[in-house]
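Starting off, we have a lone chain in the form predicted alone, written out as structure tokens.
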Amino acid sequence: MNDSKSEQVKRFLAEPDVHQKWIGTYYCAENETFYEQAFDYIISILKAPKNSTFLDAGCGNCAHSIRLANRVFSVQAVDFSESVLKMAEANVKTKKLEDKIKIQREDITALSFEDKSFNYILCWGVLMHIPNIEKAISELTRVLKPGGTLVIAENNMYSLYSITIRNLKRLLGKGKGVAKKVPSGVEHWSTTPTGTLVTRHANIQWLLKRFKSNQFVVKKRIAGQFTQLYTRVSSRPLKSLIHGFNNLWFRYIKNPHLAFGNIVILQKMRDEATDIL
């Protein structure tokens, strides 16, 4: 992986504007029903003891850390961007959850934590923005305890939404040279005066194979949001209709193969030698 690309992405993510835009787009009130349903379901699968500690890797403004804290867990929230960590601190303070959520700056490709530090890790919508995804996977593997659980949420390149968007751009002659197909998925690159951003629509099977090669087993793979078409329309009634469909898909169907968002729950295999001891 070209280190210069990673540095360009880091510069882009250091700016507050992109995080403000993401917060307004993805953490809007209309999405709350989906997120609450999703976290209730995830926690029901994990069966984690109360007060267990989660690493929220790439916490952003701590929206998901707060969801975990509200479900009686402790959280070590980390992100690379100092600007978004300031937003996270203010968010946590407003919710009066300082005793449940600890915040610090970390690079997901070079975490400072010791090996086997956490029983639970959440990495929601983060790997898609990491140019060196292999290194990020390696670090998440390293800091997770044997027998521990990792929850990731990524976009699916084979979803109806992703395929439709790519074909429309091709037909309209837009985005040439910006989207690049690689083994890990389809990478969409955008360049601004402040830096470069990559957003990867993941090849989920490639991703699962990489985790399996790092001694993980898949406990569950389900749909996240079926579509993010709500980000591309301005009509309030139409947005509400799309959010409603996403909620219904998650609640009653959960099939991930056609869905844009995919949630995968992975468990790291135990070290047999350690278990014997």
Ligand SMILES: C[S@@+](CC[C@H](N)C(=O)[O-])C[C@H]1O[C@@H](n2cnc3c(N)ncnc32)[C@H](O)[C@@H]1O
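Keep in mind the model is a prediction, meaning the values are calculated, not measured. The first residue of the shown sequence is 1; numbering continues from there.
Quick note: we don't show the form predicted together with this ligand, though the next part is all about it.
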> Do heavy atoms from each of Val84, Ile108 and Val126 fall within 4.5 Å of this ligand in the predicted complex?
Replying inline: yes
> Which pick from Phe80, Tyr158, Trp189, Tyr120 sits with a heavy atom within 4.5 Å of this ligand in the predicted complex?
Replying inline: Phe80
> Within a 4.5 Å heavy atom cut-off, is Lys268 in contact with this ligand in the predicted complex?
Replying inline: no
> At the 4.5 Å heavy atom threshold, is Phe245 in contact with this ligand in the predicted complex?
Replying inline: no
> Are any of the heavy atoms in Gly224 no more than 4.5 Å from a heavy atom of this ligand in the predicted complex?
Replying inline: no
>> Taking any heavy atom pair closer than or equal to 4.5 Å as contact, tell me whether Val151 reaches this ligand in the predicted complex.
In response: no
> Using a 4.5 Å heavy atom cut-off, which stretch among 248 to 256, 235 to 243, 52 to 60, 205 to 213 contacts this ligand in the predicted complex?
Replying inline: 52 to 60
> Out of 24 to 46, which residues reach within 4.5 Å of this ligand in the predicted complex, heavy atoms considered?
Replying inline: Tyr27
